[in-house]
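Single chain ahead, written as structure tokens, the form predicted on its own.
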Amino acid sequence: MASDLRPPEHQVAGHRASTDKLGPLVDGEGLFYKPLQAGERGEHEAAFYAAFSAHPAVPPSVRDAFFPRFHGTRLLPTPASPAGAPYPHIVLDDLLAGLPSPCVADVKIGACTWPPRSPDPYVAKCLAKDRETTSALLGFRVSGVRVVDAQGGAVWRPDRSELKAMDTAGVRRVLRRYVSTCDGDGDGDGLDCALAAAVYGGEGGVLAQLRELKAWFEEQTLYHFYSASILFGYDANAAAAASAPGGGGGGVRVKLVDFAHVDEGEGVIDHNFLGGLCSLIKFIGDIVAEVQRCVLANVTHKCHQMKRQLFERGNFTELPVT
């Protein structure tokens, strides 16, 4: 199995595995291997997965729908580990397994990304990053994006410096680009949002799933999630087919990841995460509503055109006023 391990092609955030750097791996059989982070963070994340997986107060519907399934930890040989010794990895479901052309977005949630009792240098580092990005302003920031063109297979993946420098308008444009089939023009937007209905909208779309997740966060007081991300995933070909007339669902996936900084909730709602989640829902909801307005306006315009053509051809006459 070790020889089959490889860095995931769809990775959009975090360190990428190489001969001299630890990073996540996949085995092609549906499993994802995340190396334990240095210090207490790795052990803390592994302990969270073990406890969360068996917590009786976590609804199975929430755990199964929005969290990776935990398969324990495993020592894996890797040249990047100290002295080449086997290194401990958390074993999870590969959240994008089975998607031939995965389109991915990693969105870090929360205006505050450090847990309580963090050392001052770490707080200062996180605070600076939160203020430099949209975390402090919007309650979330886009950490990584990968979009595959269903037609030609071209991949759009903005680099980290571009994402880090984004303002509110930039975030809105990236969320629109994530469901568009074109890059747009240089000066304006020019994005068609052709996949918005299939990916963001509908019963199984991103928006519906985020609202379901929000309902749990409005009640749960078990955990506070700091520096965790929401991962969006869909297959480019499936979404394009779903967007065509008579198409089905787009197979959209919404999952929470990255739990090295989860803290005990102590009976208090996680307002930091919930606030960022509500902000993200508002952004995506606005995109869906805008697309719906455009579709309605286009249909109305076409109806007026057809009526005018019928009048001009003499195939339709107005009834006399009585």
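Residue indices: 1-based, along the sequence shown. What you see is a predicted model, and the numbers here were worked out from it, not measured in a lab.
The form predicted together with another copy of the chain exists for this protein as well; it is not shown, and the discussion that follows is about that form.
Only one segment in the set 229-237, 67-75, 99-107, 116-124 has any non-hydrogen atom within 4.5 angstroms of another copy of the chain in the predicted bound form, and it is 116-124.
Relative to another copy of the chain in the predicted bound form, residues 150, 180 and 243 are all farther than 4.5 Å at every heavy atom.
This chain is drawn without another copy of the chain; in the predicted bound form, the residue among 257, 278, 58, 260 with a heavy atom within 4.5 Å of it is 278. Remark: residue 269 counts among the residues lining another copy of the chain in the predicted bound form, judged by a heavy atom distance of 4.5 Å or less. Residue 172 belongs to the set of residues with a heavy atom inside 4.5 Å of another copy of the chain in the predicted bound form. Within 4.5 Å of any heavy atom of another copy of the chain in the predicted bound form lies no heavy atom of residue 26. Contact between residue 164 and another copy of the chain in the predicted bound form is not found at the 4.5 Å heavy atom cutoff. Residues are counted as partner-facing when one of their heavy atoms sits within 4.5 Å of another copy of the chain in the predicted bound form; in 88-113 only 111 qualifies.
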